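Okay, so here's just one chain, in structure tokens, the form predicted on its own.
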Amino acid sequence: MNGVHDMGGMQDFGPVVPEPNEPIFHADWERQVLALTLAMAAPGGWNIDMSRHARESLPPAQYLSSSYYQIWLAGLEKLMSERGLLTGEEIETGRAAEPPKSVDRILKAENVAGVLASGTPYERPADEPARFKTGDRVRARNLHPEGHTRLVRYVRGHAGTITRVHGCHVFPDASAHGLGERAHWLYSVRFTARELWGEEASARDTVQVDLWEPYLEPA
């Protein structure tokens, strides 16, 4: 999906200005939003790709006028509303309007540390050999899917070089929509700045992008 979140390389948004000594959270409510989003994934039944898609498919005006964790909160509300775990009235009032729903999985407080420490590996066994190898020249396909994708717009149609083969990983374009894992080979691809942005770009600069095999074709 070509959402407003995919603004890499776009003009008129200004430079990225890092905040000196930036804290992990700027307010306590941001910490709570992160905790709620992670904890609700168990009873809500969503995965990281579904969670990303919920945030990245917010209306552009809402997305661009929201802070990072305001976007996370809006994404959480969207995920819960879609699954009948939250109503518009409850979002407006901040109070439960109905008794708690029965869910199959609950992340209990005593299990949080263990779950976070174990992480969520997304590498999967390969069903077939990789199509590309390190050093191969490839071109990012010019795709514009209606659903979720991690194929950033500024590399579409441009040629680069495979610099690393990461193995097979869950394919987010399918996983985000409950279509199964459909694991594919994942590669790091190096693009020159001039390939992406023309002769005015620095001849020394390059960009590395991790791209799944369905995003690529031989160059």
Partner chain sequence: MSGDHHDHDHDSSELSPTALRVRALESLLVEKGYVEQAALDKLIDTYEHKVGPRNGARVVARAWSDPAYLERLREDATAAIAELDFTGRQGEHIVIVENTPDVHNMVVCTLCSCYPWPVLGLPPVWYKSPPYRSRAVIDPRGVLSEFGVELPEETEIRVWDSTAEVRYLVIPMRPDHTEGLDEEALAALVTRNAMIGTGIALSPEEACAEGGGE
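Not measured: the values here are computed from a predicted model. Residue numbers count along the first chain shown, from 1. Think of the rigid core as the biggest set of C-alphas that the two forms share within 1.5 Å after superposition.
Beyond the structure shown, there is the form predicted together with the partner chain, which is absent from this document and is the topic of what follows.
Of the heavy atoms in S188, some are within 4.5 Å of the partner chain in the model of the complex.
In the model of the complex, the partner chain stays beyond 4.5 Å of every heavy atom belonging to H177. Within 4.5 Å of some heavy atom of the partner chain in the model of the complex lies at least one heavy atom of V33.
Although the partner is absent here, P43 lies within 4.5 Å of the partner chain in the model of the complex, judged by heavy atoms. No residue of the trio E128, A140 and I162 has any heavy atom within 4.5 Å of the partner chain in the model of the complex. In sequence order, M80, L85, L86, E90, I91, E92, G94, R95, A96, E98 are the residues of 79-98 having a heavy atom within 4.5 Å of the partner chain in the model of the complex; the partner itself is omitted from this view. Once the rigid core is overlaid between the shown form and the other one, E200 does not reach a Cα shift of 2 Å, moving by less than that. Superposition of the core reveals a Cα shift of 2 Å or more for E98 between the shown form and the other one.
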